[in-house]
Structure formats: structure tokens, C-alpha cells
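First, one chain by itself: the form predicted on its own, in C-alpha cells.
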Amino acid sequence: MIALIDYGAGNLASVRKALGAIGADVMVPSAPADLADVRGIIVPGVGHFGATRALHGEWTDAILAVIGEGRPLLGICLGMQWLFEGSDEAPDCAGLGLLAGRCYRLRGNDVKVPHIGWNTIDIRRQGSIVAGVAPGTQFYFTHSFVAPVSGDTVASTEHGELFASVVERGQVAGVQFHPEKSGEAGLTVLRNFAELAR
């Protein structure tokens, strides 16, 4: 069973539908204690980084406990940004802190911000979350803030500047794009996560 975390900023219906399309069992926990027996966790999200305050405290403790037991976590869009130490979008709001660095607003450089639409990913190193995804594959993005390119970056994307579009460290992964809106390529990413959660 995969837990889909609802903290008031996620597009749960479309993520749940995509997980159903690949045959994954999914539930939306109502309390942190519900995470005790799940095989993996997905933190989706759209909107403002400040919405992640709803996860501070018991939710964060429960999520970290699941990760500490070796079960996988996937952050999608805002959920990926939450994996980092924080974001300039809400400077007083801490991230989960599993990945080093802070998220920041795209500077644009003659491109539109927010970044909305299809764009390619440049795979920089192997990562289980993008197994079977060809370099240059297109995914659907909608965001204004990005994560820095670092040693945890599996793939990067360019929109005015280079940013991390896929990150992975151990059993923790994140994607800046929306796999649930990215057709077959997005379903491949979700299948990879479901396989990790088996």
C-alpha cells in the first residue's frame, strides 16, 4: 500500500488516478499513525511552499520513521522541494531537510515564469526513479521555484537556467514535473516508485 499525503496543497485526484492506472494500491492517511504499515509514501503538491507547514511535527516524525525503516518516499513538484532544507518562497518554513540546499525562484532570463508546459530532462546519472526513461524525454511542468543542481541530482532541465528536475538519494526521490500529467513517461516514473515500494 502506498500512502498519498494530503496536506491541503496536493492534486490528489490525478495522482491517485495515475497510480490506479498502473495497478498500485493507494490510500490517503488521515493521521500520522496510519503510515505505520505502508510500503511507500508520495508527497504531491502544487502551490506555495508555506503549505508544507501542515506537515510539521507529527507528520514529519512519522514520515522520517518510515524512511528510516528503508521504505521509499517520492516528492512531486512542491513535494520534491519540501525534501530540501527550505525555500525562498517561505523563508521561515523549514523543509524536511533530507537533501542539502534551498529552493529559489526561477530567474527567467527572457523566459516566462512560472514555467508551465512540456520540457525535456537531461539525465546526468543513473537513478532508480527514472529507470527506463530515455534522455531527452519530455514531462509536464508547472512551477516558479526550483531546486539547485547538486550531487543528488539525477536529471536537470533548462528554463532560463538549469535546475534539478529529478533528485534521488537512497530510497528518497523527487521529481519537479508532474508524472501524473506526463503520459506514458510519467507512468514509467510512477511504476518505478511502485516497484521500489514492493
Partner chain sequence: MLSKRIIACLDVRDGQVVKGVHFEELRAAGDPAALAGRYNAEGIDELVILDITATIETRRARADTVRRVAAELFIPLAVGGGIHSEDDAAAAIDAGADKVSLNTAALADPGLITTLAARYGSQAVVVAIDAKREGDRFAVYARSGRVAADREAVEWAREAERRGAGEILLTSIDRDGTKAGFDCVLTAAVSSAVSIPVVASGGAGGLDDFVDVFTTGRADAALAASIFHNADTNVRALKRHLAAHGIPVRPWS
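Numbering follows the first chain given and starts at 1. All of these numbers come straight from a predicted model, not from anything done at the bench.
Another form, the form predicted in complex with its partner chain, is not on view; read the next lines as being about it.
Residue contact check: residue 132 to its partner chain in the predicted complex, 4.5 Å heavy atom: So residue 132 does not count as contacting its partner chain.
Check whether residue 34 has any heavy atom within 4.5 Å of a heavy atom of its partner chain in the predicted complex, and answer yes or no. Taking the distances in the predicted complex, the answer for residue 34 is no, it never comes within 4.5 Å of its partner chain.
Determine whether any heavy atom of residue 104 comes within 4.5 Å of a heavy atom of its partner chain in the predicted complex, and answer yes or no. The answer is no: residue 104 has no heavy atom within 4.5 Å of its partner chain.
Spell out, yes or no, whether the shortest heavy atom distance between residue 70 and its partner chain in the predicted complex is within 4.5 Å. Residue 70 lies outside the contact set for its partner chain.
Three-residue site 60, 171 and 194 fully in contact with its partner chain in the predicted complex at 4.5 Å by heavy atom: Negative, none of the three is within 4.5 Å.
So if I measure heavy atom distances to its partner chain in the predicted complex, which of the stretches 111 to 119, 78 to 86, 124 to 132, 91 to 99 falls within 4.5 Å? Only one stretch passes the 4.5 Å heavy-atom test: 111 to 119.
Taking its partner chain in the predicted complex, which residues of 86 to 103 have any heavy atom within 4.5 Å of it? If the 4.5 Å heavy-atom criterion is applied to its partner chain in the predicted complex, 86 to 103 yields nothing.
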